[in-house]
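Here we start with a single chain on its own, the form predicted on its own, put down as structure tokens.
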């Protein structure tokens, strides 16, 4: 699937993935910002405040009424991070014009609505609507605080925070509750104006549409904005850990969470990164991996145990849920499996299973418009060309020796343990 790219304005691009596989079109407007604690919370608030109302659709009831009229189209906010880049903006989905009664051009109609929400928000002078701002601040703080309720997610997040404490990657893309609370209708609006002028913008459309008509419309919308797009700093890659950090944190739950952070020695920008992906898949990436088959199944040391790479940052994080009493033996067992891969102690079945699992995951990308969009956006932000088929082909070519070499570049950085202090009663994580 070829990516068609069109320039809309200074620092604004339209990326088109043409496919007739879906009955809906998927569109996103993504502001690309450096991950910074001074702006993360404000950037995270902007999309949700925008979706509260605009000049033409002043409240959520009016927005939803218009969306219903557009064949139940949908709008949503987005705030994510890829490496040390914060991505925030709006997404939309709408049915393909081929399925409308009179052939309405829904991509263009939804774009008009999206533009009104993006460029004409409800304001009070040089500030967002105060009630909308305070309401969305409360929602965001609640969402941040609720992360602790998912102990597996929380432990992984805390491991990364400690591992990357002195790096931008350790910053949350939503900011902290304190940073959100400090935001005002005035400061968030000022950041919104700054974003329109200074942040690069990547617009995606996945589906079928008249790409030239969409590009013309978007160009006319951005014509009125004087833009001076900034350059976004590249993600810092630390290829080798210098010292091992050990962090223990007590919490009144039954189950312990052992998370181990490694520096992979390579990132998505490296030509040999497919070997890192194959290493991770054999080590802990799937149900035939060494962590799953040995530590979880044969040794019964973990309720779950797996590893996941962070390609833009060059990390690999092992996540596991264990009985507190099994901490030391589980940790040793995880390191033993890593050492086994480093020695080349994996058979042909493990090698082929890992390869097939990864290749199938790339084939499955085509089953989701949003999945395709996020995959291409991530590659675009890291300056890595290609499509899922070409990456799958590169995985097909990875040799055993390359996997062993990749495994031996992996270095231990951080061991984080969420210590469950309950003894068989109360919350069961």
Partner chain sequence: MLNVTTKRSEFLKEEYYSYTHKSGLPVYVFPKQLSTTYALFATRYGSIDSKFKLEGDKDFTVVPDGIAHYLEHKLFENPNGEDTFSRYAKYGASANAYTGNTMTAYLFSCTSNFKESLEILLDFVSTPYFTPETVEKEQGIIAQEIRMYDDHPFRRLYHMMLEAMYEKHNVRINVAGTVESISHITADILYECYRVFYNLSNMMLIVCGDVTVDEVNEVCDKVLKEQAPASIIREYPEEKAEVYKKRDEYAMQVAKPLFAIGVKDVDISDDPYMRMKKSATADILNDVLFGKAGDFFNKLYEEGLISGSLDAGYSICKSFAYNAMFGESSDPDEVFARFKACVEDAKKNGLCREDFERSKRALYAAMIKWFDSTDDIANNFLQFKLDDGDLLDYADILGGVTYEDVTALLHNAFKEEFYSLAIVKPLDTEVK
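Positions refer to the first chain, counted from 1. These numbers were taken from a predicted model, which means no experiment stands behind them.
Note that the form predicted together with its partner chain isn't included here; everything after this is about it.
- Contact with its partner chain in the model of the complex, defined as any heavy atom within 4.5 Å, is confined among 71-79, 234-242, 336-344, 311-319 to 71-79.
- Contact check for residue 419: every heavy atom lies farther than 4.5 Å from its partner chain in the model of the complex.
- Under a 4.5 angstroms non-hydrogen atom cutoff, its partner chain in the model of the complex has residue 52 among its neighbouring residues.
- Although the partner is absent here, residue 65 is a contact residue: one of its heavy atoms lies within 4.5 angstroms of its partner chain in the model of the complex.
- Among heavy atoms of residue 292, some come within 4.5 Å of its partner chain in the model of the complex.
- Using a 4.5 Å cut-off to its partner chain in the model of the complex, each of 139, 149 and 360 places a heavy atom inside that distance.
- Of the residues 120, 211, 253, 157, just one reaches its partner chain in the model of the complex with a heavy atom at 4.5 Å or closer; this is 253.
- Among the residues 85, 301, 258, 203, the one placing a heavy atom within 4.5 Å of its partner chain in the model of the complex is 301.
- Along 13-37, these residues reach a heavy atom to within 4.5 Å of its partner chain in the model of the complex: 21, 22, 23, 24.
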